[in-house]
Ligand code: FRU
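Form predicted on its own, single chain, as structure tokens, below.
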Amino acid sequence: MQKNQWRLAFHLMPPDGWLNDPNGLCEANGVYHVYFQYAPNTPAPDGRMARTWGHYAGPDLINLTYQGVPFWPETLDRDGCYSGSAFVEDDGTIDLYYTGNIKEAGDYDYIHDGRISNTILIQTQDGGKTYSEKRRLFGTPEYPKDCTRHVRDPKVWQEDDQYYMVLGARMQDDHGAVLFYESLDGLSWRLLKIESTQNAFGYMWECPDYFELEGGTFLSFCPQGLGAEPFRYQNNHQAGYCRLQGALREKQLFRPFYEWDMGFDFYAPQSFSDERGRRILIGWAGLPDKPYGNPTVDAEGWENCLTVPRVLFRNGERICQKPISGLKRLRTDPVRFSDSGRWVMPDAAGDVELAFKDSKAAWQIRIGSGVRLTYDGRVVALRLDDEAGCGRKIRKAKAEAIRNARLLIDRSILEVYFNDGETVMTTRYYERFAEGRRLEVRFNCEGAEIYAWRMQSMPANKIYDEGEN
């Protein structure tokens, strides 16, 4: 088996240990920052409770460099620096808001008692070289009394010189909800309102994100506890968004909930607006409490990664996603063919674009020995066999037509974008490479035009390729 065979070429991953939610996404003074939940050195479950943050930064979202751990758990967050967000001040100061987790010793369920969740602010004025002291803004004693101890994941933004924050919550009646706060200075906060649905839509709403996009206002969140349906809510926890109707300071009506990603591995997305005005979303290519495995834990000492950054744009009530254009700079060795064929990547990293002449025609794509994408004119399906899937079986999405598709194939992760990003499917998969990382893709797509490129490793990941020699 090749050393580091599943380490990635163009997806961000931890240097070692455990990675989960993207945090603190921002651009400040022309530098992009991607923070993430991190448990260094320990990919196994016992190490995750003491998790902190990791940090990548660079001039764009391709040329990123690992910056290390910005801060560690202390008194206010002794059992974990949990998820949060970044707000960039006019002078370039980055305000990092996050949840500090404290679990008291004793026989507690840590839902209704035994847990303290502090909302904490820490700042950097030099782009992440140094950080201020941590400041507790408010926490469990100040939250509404009808909340459980599960209140977390602050996202902060500004409108009309006023700061606003959303926090995910689990209410005492097991309704998921979002708490809205307001502030004049970003330090002293007042509860503005609680938003939820009349009937329970999951028992907990994690990782809320409130943003505007092309004239619409949207709330993204991760409801836990939804019942699975054949074409919806197929994972154990979901991630999606609703369009909101009404003013921010009033009660807002929820439109239908749409899932961001219909694959096996997607959760806790966070978005931000960069200095070019793009709304960019990054998700965790993983799941909490997942029922399937990742063999990188034992074989390579790390687990999980982030999705590629995705630019958001609207199509009516829906949001479409497309990989950032900068990824195309990593393309090399272009190939073009039609209908069907066999394409081999020597390093298991590639980018494929397909245009279907007949949008309702059936087709099939096989990736390696264990991954299949199929379309029958009504349903697109992603199937993994036992060895490649490690417990992942099948995910399906309804599709009246498939006009085009884009496949990002990266050693142990696959992202598929259908119809210009109307439907997206992300999965981890584990090919057992027989020689090097040679990966074969077979197309059976009558009438399709197919363009394929090998993908080079982005700078942050080249170190792992060099370590193989």
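Numbering starts at 1 and follows the sequence shown. Source: prediction; values computed, not measured.
The protein also exists as the form predicted in complex with beta-D-fructofuranose; that form is not presented, and the subsequent description refers to it.
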- beta-D-fructofuranose in the predicted bound form: within 4.5 Å of a heavy atom of each of 153, 206 and 267? yes
- Query: Among the candidate residues 87, 189, 82, 375, which is the single one with a non-hydrogen atom no more than 4.5 Å from beta-D-fructofuranose in the predicted bound form?
  - Reply: 82
- Message: Between 426, 412, 37, 423, only one gets a heavy atom within 4.5 angstroms of beta-D-fructofuranose in the predicted bound form; which residue is that?
- Response: 37
- Where, among 280 to 288, 244 to 252, 193 to 201, 394 to 402, do residues come within 4.5 Å of beta-D-fructofuranose in the predicted bound form by heavy atom distance? 280 to 288
- Message: in the predicted bound form, is there a heavy atom of beta-D-fructofuranose that lies within 4.5 Å of any heavy atom of residue 33, even though the partner is absent here?
- Response: no
- Hey, in the predicted bound form, does residue 51 get a heavy atom within 4.5 angstroms of beta-D-fructofuranose? yes
- Using 4.5 Å between non-hydrogen atoms, is residue 461 touching beta-D-fructofuranose in the predicted bound form? no
- Task: Note that beta-D-fructofuranose is not shown here; using its position in the predicted bound form, name the residues of 16 to 31 with a heavy atom within 4.5 Å of it, in sequence order.
- Result: 20, 21
